[in-house]
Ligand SMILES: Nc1ncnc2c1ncn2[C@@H]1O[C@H](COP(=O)(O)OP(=O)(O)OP(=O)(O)O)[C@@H](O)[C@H]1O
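Single chain ahead, by itself, as structure tokens, in the form predicted alone.
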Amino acid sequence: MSATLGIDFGTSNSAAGILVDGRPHLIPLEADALTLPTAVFFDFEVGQMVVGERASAALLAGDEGRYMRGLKSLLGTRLMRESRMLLGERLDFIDIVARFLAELKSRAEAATGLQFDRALSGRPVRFHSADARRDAQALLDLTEAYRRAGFSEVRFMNEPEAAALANREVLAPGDLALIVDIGGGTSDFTLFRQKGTAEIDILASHGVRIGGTDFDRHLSIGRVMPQLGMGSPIRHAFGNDTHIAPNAIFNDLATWAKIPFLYGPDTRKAAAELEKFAVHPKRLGRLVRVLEDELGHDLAFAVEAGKIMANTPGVADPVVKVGMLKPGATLPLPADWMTARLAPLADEIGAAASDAMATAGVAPEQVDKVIFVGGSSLMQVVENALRMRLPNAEIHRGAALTAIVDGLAIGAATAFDG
């Protein structure tokens, strides 16, 4: 067994694994589950931080505290080093990520009886595809979080390259394949060839900062936020003129990582002012209640569940269940509306895949297989965008949530050799 722990620290879910008898072994991190929701909850009543499903359960139970999800999306931003008081301590977000990783490390050690001082961590090809400075800073932030978590050394592997290692056996010798990894925060691609041995040739890797949380945000803005007053006219304090309610609050409320920052007195005051002068005060009243009752994450979970429902075979009439706004209320997600709403994001993902092939000098017709991994890779609109660009490729679906950690477990065995 390796003393290096392979860790897939994801936007939505995380996992850990090691190599055992030449095969990847995934470590149960929460009961028998092989993945752990990347979520934390600072419980104000008992004075402790909990993670994973316990964090989500505390939120949904209405426990007093602060819930956070999508922490990976903050890497490289100024917010990572902003500190705040939580449970009597002044913590920045690197501390919070570090405590999540430390808990993952502790659970892996308890499950295996090993001590892990080193980690091979997955990373997106690009944390920030449009900003090289932020991209570099994100890696520094994550490295520091691993150090604060108690790892003496950490090395990194591009997540789609780890997925390529895990899926090499589905190819025949000489086959050319494209990994399409649609995660919570980024989409990543690796073009590789099966060498006919245990090794593979990585020809090119590429990434773009678009992921499942972006699909959630677009669905929320299109379906849920208008119910809270987005796009509604607001009367001026003097006169009969109106203006449209500012989008900032609604955009942040539809963004997983930004929801915890909306519950301060300034935002609540701004929402109350909008309600006071709203032409449709009932809608803005819902916004006020969402902020007062801290229901932002409840809405985000409802949108995510609706998205999953809409991409589940056999479901005829998918909906977003918004009973927290009005008992029994639902918002429909018809297929044609979803396609129109999400197609621009899917097209950007498809264009990034084309960029990966162009970098390697490979024509789309040469690709034998497209291997989808990542929790958001199951979306039909994404598959359609890739099928259009790779007409001859056979579609293969890897383990959506564990392909990356499988590859990291394989790579961990030799990550620190030499």
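Note that the structure is a prediction, hence the values are computed from the model and not measured. When you see a residue number, it is the position in the sequence shown, counting from 1.
Absent from the display: the form predicted together with the named molecule. The rest refers to it.
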Scan Glu161, Glu304, Glu294, Glu103 and let me know which has any heavy atom within 4.5 Å of the named molecule in the predicted complex.
Glu304
Only one of Leu140, Ile308, Ala111, Leu203 comes within 4.5 Å of the named molecule in the predicted complex by heavy atoms, so just point that one out.
Ile308
Going by a heavy atom distance of 4.5 Å, is Leu178 a contact of the named molecule in the predicted complex?
no
With a cut-off of 4.5 Å between heavy atoms, is Gly375 one of the residues that contacts the named molecule in the predicted complex?
yes
Contact of Ala400 with the named molecule in the predicted complex (heavy atom, 4.5 Å)
yes
Within a 4.5 Å heavy atom cut-off, is Gly17 in contact with the named molecule in the predicted complex?
no
Among 247-255, 226-234, 145-153, 183-191, the stretch whose residues bring a heavy atom within 4.5 Å of the named molecule in the predicted complex is 183-191
If we check the named molecule in the predicted complex, which of the residues in 250-277 reach within 4.5 angstroms of it by a non-hydrogen atom?
none
